[in-house]
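Presented as structure tokens, the chain that follows is alone, the form predicted on its own.
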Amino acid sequence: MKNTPFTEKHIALGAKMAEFAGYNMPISYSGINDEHAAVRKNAGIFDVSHMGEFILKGEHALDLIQRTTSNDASKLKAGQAQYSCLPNENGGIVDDLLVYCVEENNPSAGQAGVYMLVVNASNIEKDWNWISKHNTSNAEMHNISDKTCLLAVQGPNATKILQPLTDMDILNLKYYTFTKGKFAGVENVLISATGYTGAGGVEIYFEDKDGAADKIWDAIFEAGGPQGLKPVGLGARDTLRLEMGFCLYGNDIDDTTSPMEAGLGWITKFTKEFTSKEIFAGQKAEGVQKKLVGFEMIEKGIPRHGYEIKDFSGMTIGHVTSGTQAPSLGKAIGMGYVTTAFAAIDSPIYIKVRDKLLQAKVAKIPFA
């Protein structure tokens, strides 16, 4: 099991630790509900250094990204990021990811592109192999996952707490943009606003060298501790993202689900050639058989991944992909795939919890 550069700090803070994607990660510190509330109302810090980062550069880098991802990365200017996915050849999803444009691809100006891809921890090797397989034009590729630290400081007061630690203007950083500079005395720190909580805040990427991890972690807590900044584990990260209806790879999307079924048609652009384009175009034209929907429980019970979703007669119409008791809402919510006939908002559905069918209804996403 791997450690991040912050593992000892988590343990010293009394975190409940567990294995996740091969890493020893903090699940909770003071409790999921308390940490969730801290992020929604103030600020919390997540160690997400287990995530994967790839650098693609050179004159063929953009072409490789265009052929392997569903979104249109040619629209990106330097300092912009986009959410995308890697479709497989059967209309499923290899992974979802973020594409950062560090330097634009501009052949007429003699400028080759530099891009950073941020992928899920459990899929680092899988994604690297998939992109490498399609790298027929020999774009330069570097897997920098093991040497890259990533902290997410999320919440309405996150940037206010962090601004004194840098000359970069992070207070006014627009959603899905990033900047690079000196932070907490450390050079070459990339700060982005692509959060997974819906509560605002930033992500901080930097190389762990010359004590940078300790320096940045300690500086953040010196600045934020008196203002109520709390360490937050993966448990609250999951409840926060689920309240926003954000997909989690391996639960809500995987190799068998298409972006059209998952409500990700907005990151599927048909203005270029890419893997499974024809399949997705057919689904857009003809419609899909199943859709990922949000739902809220009417009867008391917690929906869990894998539970069956039924109609009034007890016929199976789908399955739960994610579910929890939402701390901000005081009710149980979930997401799951249902046959398209049951996907309309307020459609009555039933979740099979043990041997009981508990009433629920399809709800609008985001929940919060």
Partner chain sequence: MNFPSNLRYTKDHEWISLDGNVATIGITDFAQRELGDIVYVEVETIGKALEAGAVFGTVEAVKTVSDLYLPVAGTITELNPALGSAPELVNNDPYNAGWMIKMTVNNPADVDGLLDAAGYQAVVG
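Residue numbers count along the first chain shown, from 1. A quick note: this is a predicted structure, and the numbers were derived from the prediction, not measured.
The following text describes the form predicted together with the partner chain, which does not appear among the structures shown.
Proximity to the partner chain in the model of the complex, taken as a non-hydrogen atom within 4.5 angstroms, holds for one residue of 166, 71, 239, 157, which is 239. With the partner omitted from this view, the residue of 54, 307, 342, 337 that lies near the partner chain in the model of the complex is 307 [heavy atom within 4.5 Å]. For residue 316, no non-hydrogen atom is located within 4.5 Å of the partner chain in the model of the complex, even though that partner is not displayed. Using a 4.5 Å cutoff between non-hydrogen atoms, residue 329 does not count as a contact of the partner chain in the model of the complex. Although the partner is absent from this view, residue 92 stays clear of the partner chain in the model of the complex, with no non-hydrogen atom inside 4.5 angstroms. In the model of the complex, residue 58 stays away from the partner chain, with no heavy atom inside 4.5 Å.
Of the candidate stretches 27 to 35, 58 to 66, 45 to 53, 308 to 316, only 27 to 35 has residues whose heavy atoms lie within 4.5 Å of the partner chain in the model of the complex. With contact defined as any non-hydrogen atom lying within 4.5 angstroms of the partner chain in the model of the complex, the contacting residues in 300 to 323 are 300, 301, 302, 304, 307, given in sequence order.
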